[in-house]
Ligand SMILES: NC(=O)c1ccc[n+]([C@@H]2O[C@H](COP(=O)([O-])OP(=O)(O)OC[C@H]3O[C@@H](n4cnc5c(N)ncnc54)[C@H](OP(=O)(O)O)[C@@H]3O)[C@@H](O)[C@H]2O)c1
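Take a look at this single chain, the form predicted on its own, given in structure tokens.
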């Protein structure tokens, strides 16, 4: 198979188009012919620093290192124990290096059935490829951690980013919540269009102070990082949770240890159970995915540069 890989763990090591033997599927695995790959900050962060990079080096597959999580494609082979998937099924999912799997920046991936969701007929594979990390992160933040219920309030910090856009739509259109979004002035109209009931322009005032007028919140989702944990927790009602999406800094990690222990960092792991409600919401028109740029797989470095620029309002997709 062809993959964008780096041959060492040097931080300056480039991603190069590399030929890697395609493993035969084990009895509990499937092979997916990849058609679209979503680009996420975790993809380039793992190449630079942090606990995920350390874990990938320690327990992940041997070099060359293939980054990436998101993928959508078609099942081309399966092991003897796989019963619920068929060759020819269109699926969306995420790779998992802790299972010894290489990343998704490739024309094929080998994963287990519980890491994918079968797509409805006619589902756009590029949209699907952009969903796993952002969609699963938003779902876990709002539902698994936040326990958001109809009529409750959700505050989304960074509402115009990849996770933020999905979170606003899931909170409003799927969970039936009242949504307050925070973004820059140029993205206010976009966040309103996504369904936010109130949009706060962070350039005009302290957004957490402005959000206080709409408190208490059942869940505060920080998709940006750097917001005061204590200030976020002060906006919560009884049983509320403060969720840190960009929670890979030591300061953010420390927040989970602060009483009353209502802060939590989230690390998306794609499973069938988490992917299905997000896929169903997109299929029903309740959630839209905004793809801002498409690159061929060989231009993965350009895609990372765009992602790192912080100027995106939506998702970048790679096409093998």
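Everything numeric here is computed off the predicted structure, so don't read it as measured data. Residue numbers count along the first chain shown, from 1.
What comes next is about the form predicted in complex with this ligand, which is not displayed.
Student: Only one of these stretches, 167-175, 94-102, 122-130, 153-161, has heavy atoms within 4.5 Å of this ligand in the predicted complex; which one is it?
Tutor: Contact criterion met by 153-161 only.
Student: In the predicted complex, does residue 245 come within 4.5 Å of this ligand, counting heavy atoms only?
Tutor: Output for residue 245 is yes: heavy atoms within 4.5 Å of this ligand.
Student: In the predicted complex, does residue 60 have a heavy atom within 4.5 Å of this ligand?
Tutor: Although this ligand is absent here, residue 60 would stay clear of it in the predicted complex, with no heavy atoms inside 4.5 Å.
Student: Even though the partner isn't displayed, in the predicted complex is residue 212 close enough to this ligand, meaning a heavy atom within 4.5 Å?
Tutor: Residue 212: no contact with this ligand in the predicted complex.
Student: In the predicted complex, is there a heavy atom of this ligand that lies within 4.5 Å of any heavy atom of residue 292, even though the partner is absent here?
Tutor: Residue 292: no, not in contact with this ligand in the predicted complex.
Student: Pick from 118, 198, 224, 235: which residue has any heavy atom within 4.5 angstroms of this ligand in the predicted complex?
Tutor: Among 118, 198, 224, 235, a heavy atom within 4.5 Å of this ligand in the predicted complex occurs only for 224.
Student: Pick from 55, 283, 273, 267: which has a non-hydrogen atom within 4.5 Å of this ligand in the predicted complex?
Tutor: For this set of options, the contacting one is 267.
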